Structure formats: structure tokens, C-alpha cells
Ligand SMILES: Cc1cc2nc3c(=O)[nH]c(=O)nc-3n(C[C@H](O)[C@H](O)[C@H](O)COP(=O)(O)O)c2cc1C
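The chain below stands alone, shown as C-alpha cells; this is the form predicted on its own.
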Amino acid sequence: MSIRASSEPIRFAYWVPNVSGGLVISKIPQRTSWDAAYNRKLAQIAEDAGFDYALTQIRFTAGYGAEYQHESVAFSHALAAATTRLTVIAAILPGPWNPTLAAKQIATISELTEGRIAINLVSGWFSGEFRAIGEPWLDHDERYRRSEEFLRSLRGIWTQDNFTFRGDFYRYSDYTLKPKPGKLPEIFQGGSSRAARDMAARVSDWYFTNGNTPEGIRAQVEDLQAKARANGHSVKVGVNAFVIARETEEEARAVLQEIIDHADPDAVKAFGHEVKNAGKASPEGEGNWAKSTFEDLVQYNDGFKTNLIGTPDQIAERIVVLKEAGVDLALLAFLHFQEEVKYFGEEVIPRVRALEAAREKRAEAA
């Protein structure tokens, strides 16, 4: 079945560098900081640049160049408080969190920020982190089953009084949370495995996938949307990408090569070992990172694969191709966040909007 691109403008999100080391496992110099002041300013720059969302990261242990980490929910609230339009997506990990705590945290932040808070429900890929903090490590598909119960519990708590739920992981009896969020927070969820897509096709608002080619993304989207339609559900799609926008393609490609040349081999291999095990642990062996090369793994979420590397014109054209493949949101990372987010807003987003308008006009005339 062919995919009809949404008539809505594609949306833009950025990875919040609330974890040290930036978004590449490389020793290349980066004018990016994980501290609060830098990130508040970055959020304001992104909002002015035309970004819709900011996604905070969740880490509990140091490693792979990420020695320091700010907690995601508290940090998300700080960024929402520093802006007026940006929606901040807080990463939440079942295990360390339970739905009761998450529901109350997010409901409070929603009230304090006029609804500009969402959740990225992370099922978990780092077994060493779970062991380090004394949390049980479940089998691959069990992690997604737990996440689905977590999501259903959140929605029930946020929308019902006297909420009762009987699952394998969470149970509620006549529970009422007040105040509830005035606007129901969106729930994002990632993964490329069968279990991840099936969960998204049943219950998630948004599905994030790792970086990929337009053809690879189209195949995922067709599969996801067919399942969602069969379930009477609708879900939007976001894709990860690392952006290198420069005046010439040669300059952009040179920056990419420099990032890879300065990669930390031991850290990349250690990261690759963990994430490939997580991907191969799915019954079909096709989860995130299962087929990623060393060069792919230098960027945490296969962002180089999406190929938003070149001139503003080239990048804008590739973003519209992604939209035609069924993508509703581009989740972006950069080398030097503040200046490159600003440049992206000035040089790339207007080009994307012009291309979208031209395509919409042609579609209306057809």
C-alpha cells in the first residue's frame, strides 16, 4: 500500500544534550555543553528557530563518553519553564519509574507549563545499567509488554477517576489522581523490532525509529500503519537524523569524516556490543542497531544513515523525501548545538516550508 504524505508541515525536534559528550561518540571538539545554562539558551534558540519539540535523554550510569547526566523529567521542566511554545519530551524508563510516579510528575509539569510536556517511553536497551541500579532485566518482548502496560496505566490514571487495572506488571484499585492534566500528554515510543512496532500500532501517539534511508523508513511506516489501521489506531512517525549543514557538500562531508576519524574506538565498540545485543535479542533479530556498522554507531541512533548532510538545499529536499516516505517529525542532533540549531532554523526550515507549499499546490492542481 502506498503512503500519502501528511498535508501537515513536518515537525522538528532536537535531542537535548543533558548528557555530557554530545550526540557522537567522538573526541572531535564540540561547542556543546550538558549544563543547565547552555541548555536553557539552546531551548530558546530552538523555539525561535521553528522547532516544535525538545527530547531529553535518560541515563543512570556513565559510559561511552557520557560521564555526566542530568535527570530527564526535572530537566525537561526547567527547559519548558525557560520557553513559551516548545514542548519538551521527557524520557521515562519503566523499572526505575512506575506509572504512579510518572503520572503525577507529568500532570504537575503539565499544569505548570500549560501542557508543554510529553513522554518518551524507553523500554530499555542497556542491560548493564539495569544491573548497576538493581533493576531486573527482562527479555526483549517482555520489556515492550511492560511498556504497554505502563502506557495504558498512564492514560487510565490521567483520564479516569477510580481507575482499576490488572496487568502482569502494574495493578491499580480504585485510584484517582487530581489534578489530571488539562491536555493529555503525547506519548512517544521508539524501537525497530516487531514488538516495538506492534506496541506503537496499538497504543502510542508517536513512534520513533533510528536513522535510515527513505526506502527503509517507508517499509517500516507501511508495516506500522497497516497494523495501526487494523487496530483502529493512528500513530505518527519520527525519525532520527544527525544534521551537518554547510555551505558546500564537500565541507559537510569533511566534517562527517572528521567525526568518524576522531571516534573513540573502545567506547564505540562497547556501545555497539550493548545495543547490538539488545537488537538481536528480539525474536526476529531486527531491533535497533542490529545491522549498524562501526561508522553508524559513532552516532548513538544511526543518525548518519538518514543523510541530512550537505547544503541547506540538499537537506531540505531530503527532509521532504522523508515526509513523502511517511515521516511526520525529524528528530535532529548537531555537532555544535546552539549555532547549528540557529543556522538550521534560518537556512533549512524555510526551504522545507517552501518545498512543502510547492508540493501541496501541485497536489491541489492535479
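One rule holds for the numbers: they count along the sequence shown, beginning at 1. Note that the structure is a prediction, hence the values are computed from the model and not measured.
Omitted here: the form predicted together with this ligand. The next part is about that form.
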Whether T32 contacts this ligand in the model of the complex should be assessed with a 4.5 Å heavy atom distance threshold; does it?
no
Does any heavy atom of S204 come within 4.5 Å of a heavy atom of this ligand in the model of the complex?
no
Distance check, Q57 to this ligand in the model of the complex, heavy atom within 4.5 Å:
yes
Just checking whether S153 would be counted as a contact of this ligand in the model of the complex - the rule being heavy atoms within 4.5 angstroms.
no
This ligand in the model of the complex: contacting segment from 256 to 264, 76 to 84, 187 to 195, 169 to 177, heavy atom within 4.5 Å
187 to 195
Among V235, I217, A91, I106, which has at least one heavy atom within 4.5 Å of this ligand in the model of the complex?
A91
Report yes if all three of A43, N307 and K342 come within 4.5 Å of this ligand in the model of the complex by some heavy atom, otherwise no.
no
Within 206 to 230, which residues have a heavy atom closer than or equal to 4.5 Å from this ligand in the model of the complex?
F208, T209, N210
